[in-house]
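We begin with a single chain expressed as structure tokens, specifically the form predicted alone.
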Amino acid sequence: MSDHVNIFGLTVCNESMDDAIQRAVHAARSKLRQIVFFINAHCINIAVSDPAYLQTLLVADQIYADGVGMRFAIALCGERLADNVNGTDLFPRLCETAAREGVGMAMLGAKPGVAGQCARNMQNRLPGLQFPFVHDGYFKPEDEASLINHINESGAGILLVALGVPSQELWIARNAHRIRTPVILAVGGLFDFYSGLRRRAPWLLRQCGLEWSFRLAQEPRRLFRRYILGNPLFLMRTFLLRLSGKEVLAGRVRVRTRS
């Protein structure tokens, strides 16, 4: 099993959830820059039609494959994932380690009040956990500089950005040079789940790789294109990648190599 897997023009880090958490917390304590993205089938579909987004993904120091679609694509190319390292499952365990190691966490994103409720819920579970900066994702472009100053002044070691795909990755890439927080993670709708705003799929559905179907049932209008149209499109691209031995992405053909 390789430490890294090259697929769809991206280098995916192949390690356990525990290793991913330890890597992030160590980087935070050592003040080492680490940008972390979690890439699923939807991200790949966007990258195919948006070369700028693909280039944005390449700024990450660590990319993890998120979800059954990416696991299937990687398996079809002859590799095996050590773990399903995704932001939603990583978050509570990251909080445990951060609390134990004295690493503060900043939160940016979601609707007003959601990030704050998420922070309070996690602090009730982990009294030593610190969130020195919490802000929703509704801010004006002219307020961005002030917002980043507050993040920097908070002294947080880890910044969680929950602005949705592709906005969160684009925002991080555009502003990383101004942010002094060592570790930055793009975490999607994570705050919604841990604030109690939205339910996660039951454990059995998650284990079967069907969490997407539960989310679709909750938000059918918003997620119809992503799952009902997007999933078959991603599968088609995966089979093309396997049959041709090449990567077709953003209008270009690339020879696929193994790590």
Ligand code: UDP
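Note that residue numbering follows the sequence shown and begins at 1. Since this is a predicted model, take the numbers as computed values, not measurements.
Just so it is clear, the following notes concern the form predicted in complex with the named molecule, a form of the same protein that is not shown.
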Within 4.5 Å of the named molecule in the predicted bound form, do F72, N86 and E211 each have at least one heavy atom?
no
Exactly one of G116, G164, G155, G102 comes within 4.5 Å of the named molecule in the predicted bound form through a heavy atom, and that residue is G164
Assert contact_stretch over 201 to 209, 27 to 35, 56 to 64, 214 to 222 against the named molecule in the predicted bound form, heavy atom within 4.5 Å, equals 214 to 222
**Prompt:** Does at least one non-hydrogen atom of R125 fall within 4.5 angstroms of the named molecule in the predicted bound form?
**Reply:** no
* Asked: Counting only non-hydrogen atoms and a 4.5 angstroms cut-off, does L185 reach the named molecule in the predicted bound form?
  -> no
Check your understanding: Can any non-hydrogen atom of P132 be found within 4.5 angstroms of the named molecule in the predicted bound form?
Key -> no
Heavy atom to heavy atom, is A110 within 4.5 Å of the named molecule in the predicted bound form? yes
Of the residues spanning 127 to 142, the ones with some heavy atom within 4.5 Å of the named molecule in the predicted bound form are G137, Y138
